[in-house]
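One chain comes next, on its own, written as structure tokens: the form predicted alone.
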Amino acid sequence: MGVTCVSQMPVAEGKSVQQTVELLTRKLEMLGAEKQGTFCVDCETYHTAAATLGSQGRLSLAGQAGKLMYVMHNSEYPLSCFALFENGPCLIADTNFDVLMVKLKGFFQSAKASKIETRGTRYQYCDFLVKVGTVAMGPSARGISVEVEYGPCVVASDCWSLLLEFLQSFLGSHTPAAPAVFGNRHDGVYGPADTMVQYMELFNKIRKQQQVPVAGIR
């Protein structure tokens, strides 16, 4: 994989989420991008349980009450599972990690109605892979995600200007600033965990937007 930027596209005024997605994909197709299948990224939130010292001497987690962990999957990495703490490390494990979470239910409990996902179409345009997705919580569409990957490079500082120029070509005034993870990488190699951190931040942003009325979102 290359260097990736994940951002949210606002819903166009007077349009629905799906209509805005169609406008974006039409722009990509006009640029000459070709469809390359579909994608899905999902996220489920777990919170630490207030466990007490058991008969076998297990450590209490009461002091960590409220700490959140995000368990995520990405169709680009079908054999992997990502576990992230907000402002913390990212663990990359195999898909058996989901089974492990069931066994750890005394320590981590799934937050009610916490699952959020984005699904959509992948497009290839020269060296760029673009994914435009509909972000949903349950049956309801909540927003739009745009992921752009520049394949030939793995150092964010070396290719951000190219990514920015391409993003501007179809996002216009909604082009995002450089992701925070780029600054954290310095001149290090960009990896899949950096993409998942961006999706975690995007999903949390959309969750918060649902807590208050947002103009233009239906």
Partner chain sequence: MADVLSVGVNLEAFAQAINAIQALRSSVSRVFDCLKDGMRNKETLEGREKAFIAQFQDNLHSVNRDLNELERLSNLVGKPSENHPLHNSGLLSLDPVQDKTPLYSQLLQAYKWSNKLQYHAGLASGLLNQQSLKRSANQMGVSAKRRPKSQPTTLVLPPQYVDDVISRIDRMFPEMSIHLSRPNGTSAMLLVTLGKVLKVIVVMRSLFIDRTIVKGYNENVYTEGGKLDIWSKSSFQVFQKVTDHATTALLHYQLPQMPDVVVRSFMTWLRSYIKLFQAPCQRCGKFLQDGLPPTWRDFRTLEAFHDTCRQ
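Residue numbers count along the first chain shown, from 1. These numbers come from a predicted model, not from an experiment.
One more form of this protein exists, namely the form predicted in complex with its partner chain; it is left out here, but the text below deals with it.
- Using a 4.5 angstroms threshold between heavy atoms, residue 40 stays clear of its partner chain in the predicted complex.
- Among residues of the shown chain, residue 159 is one whose heavy atoms approach its partner chain to within 4.5 Å in the predicted complex.
- Looking at residue 30, you'd find every heavy atom of it more than 4.5 angstroms from its partner chain in the predicted complex.
- For residue 123, no non-hydrogen atom is located within 4.5 Å of its partner chain in the predicted complex, even though that partner is not displayed.
- Shown alone, this chain has one stretch from 176-184, 162-170, 22-30, 40-48 that lies within 4.5 Å of its partner chain in the predicted complex by heavy atoms: 162-170.
- Contacts with its partner chain in the predicted complex, taken as any heavy atom within 4.5 Å, map within 1-24 to 1 alone.
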